[in-house]
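Heads up, the chain below is alone and in the form predicted on its own; it's given as structure tokens.
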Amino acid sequence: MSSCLSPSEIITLTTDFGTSDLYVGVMKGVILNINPRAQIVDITHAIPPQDLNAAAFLIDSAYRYFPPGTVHVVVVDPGVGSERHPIACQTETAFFVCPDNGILTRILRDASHTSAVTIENPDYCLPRISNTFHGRDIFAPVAAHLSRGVPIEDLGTPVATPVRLPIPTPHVTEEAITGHVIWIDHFGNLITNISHELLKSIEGQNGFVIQVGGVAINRLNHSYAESAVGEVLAIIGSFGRLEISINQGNAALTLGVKRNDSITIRPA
């Protein structure tokens, strides 16, 4: 099952736990008890509670910037204590430890080689497993053991088809592209599911008009500074997606736009 990919001692954590409670710190303690050499990196603990789509988007955006063999722990788990399974997954570049609830949807879609197992072997979990904190009792210890070189197949039995979420894609016609806001970052930037490549396909000789939140934008910025302070602008963000922003402002609050709201692009 496993390829020649070797795990590194880098372990990332992505959760909806926040940072005001002890949960993240306890997970780190479990990891370090098993592998004191582990390098633990927090990607984010600010995913909205139980938001699987946000978790799937954020881990897919982040994991590819880590060294090969990094072990990524993702815990957004509204089904904790239910019949949903804990899994470990290996792709050609990384390992993932998470609940089997669709968190890996985008990663599995794009990976050319994957293998996954249900975590069943008690030797790699804590002795007592609670019904409410699998991040501590299952996912953290399994990640630590993986980072020490335990083969993924030792954890449990293969999973042929991990759970996948529906991924909304832009609707494309000759007249328009209709996409959606899939994430709003800390600055209030509206990140859409419209790629730069798709945007270029409708640009044409006369440009385009972007409509969102009751405003129309007819050009694409190369930087925020090209627009006046307080001006609404469109830009291709650092992850290659169309973003709607306000120079030194909060586009989400100003425009009253929320996640899943639509954005339309038409030829000018």
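From 1 onward, residues are counted along the sequence shown. Nothing here was measured: the structure is a model prediction, and the numbers come from that model.
The same protein also exists as the form predicted together with a further copy of the same chain; that form is not shown, yet it is the one meant from here on.
- Each of Lys28, Thr44 and Ala225 places at least one heavy atom within 4.5 Å of a further copy of the same chain in the predicted bound form.
- Partner proximity in the predicted bound form, defined as non-hydrogen atoms within 4.5 angstroms of a further copy of the same chain, places exactly one of 117-125, 89-97, 103-111, 183-191 at the interface: 183-191.
- Listed residues Ser201, Asn218, Gln50, Asn206 were compared with a further copy of the same chain in the predicted bound form; Gln50 is the one with a heavy atom within 4.5 Å.
- This chain lacks the partner; the member of Thr169, Thr173, Thr161, Ser82 within 4.5 angstroms of a further copy of the same chain in the predicted bound form by a non-hydrogen atom is Ser82.
- Within this chain, Leu22 lines the site of a further copy of the same chain in the predicted bound form, having a heavy atom no more than 4.5 Å away.
- By the criterion of a heavy atom within 4.5 Å, Leu58 is counted among the residues contacting a further copy of the same chain in the predicted bound form.
- Contact annotation for Gly230: none of its heavy atoms lies within 4.5 Å of a further copy of the same chain in the predicted bound form.
- Although the partner is absent from this view, Ala38 contacts a further copy of the same chain in the predicted bound form, with a non-hydrogen atom inside 4.5 angstroms.
- Contacts between stretch 115-146 and a further copy of the same chain, counted in the predicted bound form as any heavy atom lying within 4.5 Å, involve Leu126, Ser130, Asn131, Thr132, Phe133, Arg136, listed in sequence order.
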